[in-house]
Each structure stands twice: as C-alpha cells, then as structure tokens.
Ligand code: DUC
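Single chain ahead, written as structure tokens, the form predicted on its own.
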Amino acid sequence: MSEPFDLVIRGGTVATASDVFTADVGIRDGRIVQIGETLAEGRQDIDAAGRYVLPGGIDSHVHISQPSGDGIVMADDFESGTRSALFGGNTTVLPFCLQEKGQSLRAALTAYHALADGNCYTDHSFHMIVSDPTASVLGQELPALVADGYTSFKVFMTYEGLRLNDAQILETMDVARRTGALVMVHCENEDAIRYLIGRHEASGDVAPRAHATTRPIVVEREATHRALSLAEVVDVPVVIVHVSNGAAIDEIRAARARGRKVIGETCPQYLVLTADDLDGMDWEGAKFVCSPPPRDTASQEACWRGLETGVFDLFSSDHCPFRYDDPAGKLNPKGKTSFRHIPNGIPGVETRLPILFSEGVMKGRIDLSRFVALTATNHAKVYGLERKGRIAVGMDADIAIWDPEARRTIRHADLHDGADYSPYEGIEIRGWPTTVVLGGKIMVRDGTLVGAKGDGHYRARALPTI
C-alpha cells in the first residue's frame, strides 16, 4: 500500500504556462508527487472546486532592508516583506543585496543572510548589486559567488554612488560571459537626469511632480539602447528591468531582431499609474516617486501590448517600500523641500499578482497560462530556480489557490507590508489568492495566516536557462 499524501488539493482548475485542466494535486514531503483525478485522501485535503490552482508567484524584483541613505529606512524587513508577499500569492521572492562602496560582496551577503535567516514566510534567494567593481570583486569574488548559487547580479546606470560607467559595465558583463551568470540593468541616463534636475531647481520647480519630468522617456530609451549595445559587445544575455514605455520596448524588439537574447520586465505601476499621480496636493505625490516614473496612458497601452505579445517575459513588483508620513521615509526633512531627496520606490509586492490577474486575465488581455508564465514559470527559468514555478510532478509544492470571483478594493489597511500607504489605494480588484501553500505546508488558509515566520528558506540557484 502506497504512503498517503500529506496534502491533496482537490478538484481545482490547474493552470501551467501551457495548459489549463481540472485535476487533484497530491503532495508528499514538500513535493508534488501526483496529478490526476480522484486521488486518494490525504492527511489534509483542500477543496479547490471553483478555484484556480496556480504555481505560487515568484517576484524576482523586490527590495527589502536595503541601505537607503543617511536617515532613510526601508519600511519592510524580511518578516513584514515576505508576509506581505505571501498574502499576495507569492511563495518565493528575490531581493537585492546591495554592495556598498568599499565593501566586499561576501560581506554584504553575510549581513543580508543574517537579516533574512529565520524571519521569512516565503522562500528567497538574492541578486547582488555591484556598485564597486574592483579588480578583486570582478576577478575573484563574483565568480566564486556565482559558483555558490548567486547566479544573477544587477548594475545601475543611474543614482550617484550606485551607477557604473560604460567601461565598468562592460567589465561586469564580461564576468557574466565567463561564468554563465545573468546581468540585470537599470536603464536611465544619470548625466541627462542631473542636467534636468539642475534646470528644474534653478526655476524653483521642486515638487514631487518634477521627479517624472527630470526622468523623461528619452533618458530611459537612450540608456536601454546603450545597455543592449554593451551586452552585444560582450556577447551576453541581459535583463532590462522595470521597462515603462513604448520607446524602450522598441529597443528590446530591435535587439531581438538582431539575434540578441534580451529578457524584458515590467511592473504594475506602468500599467495602472501615470505621471499625473505625482502631482498630488500637499506633497502627496511623493507617494508615487519611483524610477523610472509612471508615464502616460499611451505608455500604459504599450506595456500592455508588451505583456500580450511576448516582449515582456517577467512581471515583477519592484517592491521598494518607504513610509510616507515618516521622517525616515518619503517626508524626511530634505524630502519635504525637494523631489530630489524623496526616496525612490513604492510598495507593491502584495498587490502585484491581483492587479495583473484582475486587469489582465479577468479583462481578457491575457489568458491564464500567460499569467502563470509572467508571474512564476518564466522567473524560475530565467533565474535558475529549477524546482519552482510549475505545477508538475517532482516540483516544490508551492501553490496559490485563487478565487476568481472574489471582489476587493485595495486598501492599505488590509495589506501586510510595513509601509503606511499603497500607491494602488482604491483600485477595484476581481480575483484574489485565498490559500497559499509553501513546500507542501499551508501558510495562508482562506485568508488567514497559519504558517510561521521562518517557514521560508534560502534557495541557491542554478545558472539561468534562457
């Protein structure tokens, strides 16, 4: 007689990146071991009739407990950030580990692991941010860390103190070429931004709305073209993160037409927010300050077309939370005097999936399989999470069960992050994850947290498969 299942999810509509079908899912020892009809009773059963059974979301672009400048503190630590992710239907997050100037990558990772260990409700892995590409970092540390399972790293073309020049980007991309790792690039032209900031400040235009006009589409388009050109020089694949507009999308299409391997990513803020949101009364526009900034309705439609047509492979939150009404957040003493001092970033890890499900699947823009690919399966493939992102025998039993008819209005009071607002406040949502399973353990059941802090674990990653 075969060993009983630990858990059976029964009678739901199962979706993968290629198929949708009705089935039971049998789980044992944290893995999916059988998919079929009328499976034997498990030690626990979940009736999923009338619900969608989807792979747990993988949010591969989040910022948690990241150093953010003198006197500025991120709103989320690993406990609150991963709890919020879990309630949003996610079972894995990939935060960024920032190397500060003069710091070794290994020291940064050691400190970051200490913050995460024992505090997570989801599984997690780390991207590295390379801000100080010294000879020892590029020649020794980075290759050794790739071999240890840290198989992706990010470079910035903007932000003083973080940005690399073209020569440094080429050298960092060359490490990716030699090791098989993957480079992510934040594409904005810092010199052009600084020029525009100077013009705005000279005219006294320092309200939050000026953040968007000092980072116009052209500075993202130019930097995207340059990043893709540098990757072509080195001959490496590249991820262009948080793309916000049609001009940058055209650069990705053109690179692909030349035979380049380019992964495109966009985020909820570029689908449902616009630059007008930064023009709020009494400095409330600070709530929407992020980079690149939200654009206009034409850019929204371009990003939707990118999701529909395959230009975008990844849909991530770029969760980067700061409290608004807080001297360590958006309204810090300097931030109340100029947009230039408002911390860049908005919360969104919990609302990423519901926004795309409601605006995409339920409104007929994308089908359920495309949703699964954009939110889980492609993230696992791109970033080397070999046992995640799919409902299939042998995979980790990371599953979100969705009620497609649930209707909710986004209210920060109902969310679980450490911020004090949501940029998506008031958006009407149809469809929400109600039960979330991590490694075969029920973590959220019918909207109630039943798992524990520390149930989520660090996962080393294989080299990407793109």
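Because the structure is predicted, anything quoted here is derived from the model rather than measured. Residue numbers here begin at 1 and follow the sequence given.
Keep in mind the form predicted in complex with the named molecule is missing from the figure; the text below concerns it.
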Do residue 291 and the named molecule come within 4.5 Å of each other in the predicted complex, heavy atoms counted? yes
Using a 4.5 angstroms cut-off on non-hydrogen atoms, would residue 141 count as touching the named molecule in the predicted complex? no
Using a 4.5 Å heavy atom cut-off, state whether residue 338 contacts the named molecule in the predicted complex. no
Taking 4.5 angstroms as the cut-off for heavy atoms, does residue 159 touch the named molecule in the predicted complex? yes
Taking the named molecule in the predicted complex, would 124, 382 and 461 all count as contacting it (heavy atom within 4.5 Å)? no
Stretch in contact in the predicted complex with the named molecule, which is absent here, among 250-258, 112-120, 316-324, 382-390 (heavy atoms within 4.5 Å): 316-324
In the predicted complex, the one of 168, 179, 369, 344 near the named molecule [non-hydrogen atom within 4.5 angstroms]: 344
By the heavy atom within 4.5 Å rule, which residue out of 209, 221, 287, 242 makes contact with the named molecule in the predicted complex? 242
What are the residues of 404-420, in order along the chain, with a heavy atom within 4.5 Å of the named molecule in the predicted complex? none
